[in-house]
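Before any questions on binding or motion, here is one chain by itself as structure tokens, the form predicted alone.
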Amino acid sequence: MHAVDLIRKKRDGEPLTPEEIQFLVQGAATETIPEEQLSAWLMAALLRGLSLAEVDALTTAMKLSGEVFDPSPLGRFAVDKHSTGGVGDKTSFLIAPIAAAAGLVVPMISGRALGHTGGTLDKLESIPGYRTHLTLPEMMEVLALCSASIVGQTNRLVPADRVLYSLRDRTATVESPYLICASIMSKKLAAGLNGLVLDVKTGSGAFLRRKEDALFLAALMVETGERAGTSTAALLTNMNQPLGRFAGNWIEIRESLDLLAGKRHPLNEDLRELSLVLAGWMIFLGGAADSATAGRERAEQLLDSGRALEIFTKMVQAQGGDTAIFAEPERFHRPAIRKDFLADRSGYLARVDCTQVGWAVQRLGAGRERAGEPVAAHAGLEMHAKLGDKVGAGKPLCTLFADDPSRLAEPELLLRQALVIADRPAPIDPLIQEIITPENKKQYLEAAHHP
């Protein structure tokens, strides 16, 4: 086979065989196909689209391009959750220990902050000593000990994705739902999952703002997971404002610890509810409840019992983290700068450009613009109002945290544009907007009019 022939074939709208896709993926993993040819094929795939069979073949080839984790020796249902990314999205820290407490095993391979969205690994690394880079045997040891492990992708797990993802980022081919699906699902399926729950964000803070695009991607991932023999469901969820109260790194861990310890606050009820619903679906897929509703009820029982907090603490200890700071999390949070961002008028918080809020958090030092850049553990912000809340002139809308006073000016400008106060509250979209399952995925795939 020759890469140029496969570029031409896809350019002309013809489908590729599984063998042809395998050739391209292996060439990416081994770096035997030049970047310019892989880039040309990615652009052709973006413009022409891929069939469901091609997405399946691409996902499978990428999954098998390196090591594959096998949790089956543990003898329990392996399940995970994936979020397409948002602001203040810290559900993993609640979901993983809840599902583990229900008797499932959770090998969670997560990512870092890039762009306006936060990174699960960066948040965990704000815990002194926490190791996100484990070998697969080390991850197996942690899972055997506490049934949950949150780690980063190893160098030998899905190596083709690292090459193709980097090229997509540099060639304006990120937006293809087919390439997004293959990238996400290959990494999740390489973890040897029996079940997967997808949290697909839509709204002002989501990567896919249009609901139609998010629905199509969700259905595509459910289809791909089911074809691979992994029980899969997706929830379309609202990202029109930060999830919970805090957005940053350590402060999101602290907020999660509060909820795990049973400390509730009106401004993070959305985070608690979404975590319970997602965990409920994981428990249901794993056969530990008769329905997703019953799964949510069991998730709440496990959260309220303190069992999930025990498992989270045990997981952090097993991966080298210093859990002594959990006893007094407020004392550990010591940013150099704290500054209230005040409302310039009275009214109701009517609209939030959540992407702009995410960029404000990033500019405070909690995120990165380029892979490899350091992040500040204590940077971020605390929201003091949710959409629809009444606010008073001169009262704090949020509090900013940073390690350098020079980092405040741009976030304040972004927030002034992002947080809109009006005379009347605007309608608020529901937290969970759609649920996509194997039974209804076809209608969403057909409605999108994609190949």
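All residue numbers are counted from 1 along the displayed sequence. Nothing here was measured: the structure is a model prediction, and the numbers come from that model.
Keep in mind the form predicted together with another copy of the chain is missing from the figure; the text below concerns it.
This chain lacks the partner; the member of 26, 60, 39, 399 within 4.5 angstroms of another copy of the chain in the predicted bound form by a non-hydrogen atom is 39. The single contact residue among 385, 44, 421, 408, judged by any heavy atom lying within 4.5 Å of another copy of the chain in the predicted bound form, is 44.
Partner proximity in the predicted bound form, defined as non-hydrogen atoms within 4.5 angstroms of another copy of the chain, places exactly one of 197 to 205, 161 to 169, 131 to 139, 320 to 328 at the interface: 161 to 169. Using a 4.5 angstroms limit between non-hydrogen atoms, residue 35 touches another copy of the chain in the predicted bound form. Residue 445 falls outside the set of residues with a heavy atom inside 4.5 Å of another copy of the chain in the predicted bound form. Another copy of the chain is not shown here, but in the predicted bound form it comes within 4.5 Å of a heavy atom of residue 4. At least one heavy atom of residue 175 is located within 4.5 Å of another copy of the chain in the predicted bound form. For the partner-free chain shown, 7, 8, 11 of 5 to 31 come within 4.5 angstroms of another copy of the chain in the predicted bound form, judged by any non-hydrogen atom.
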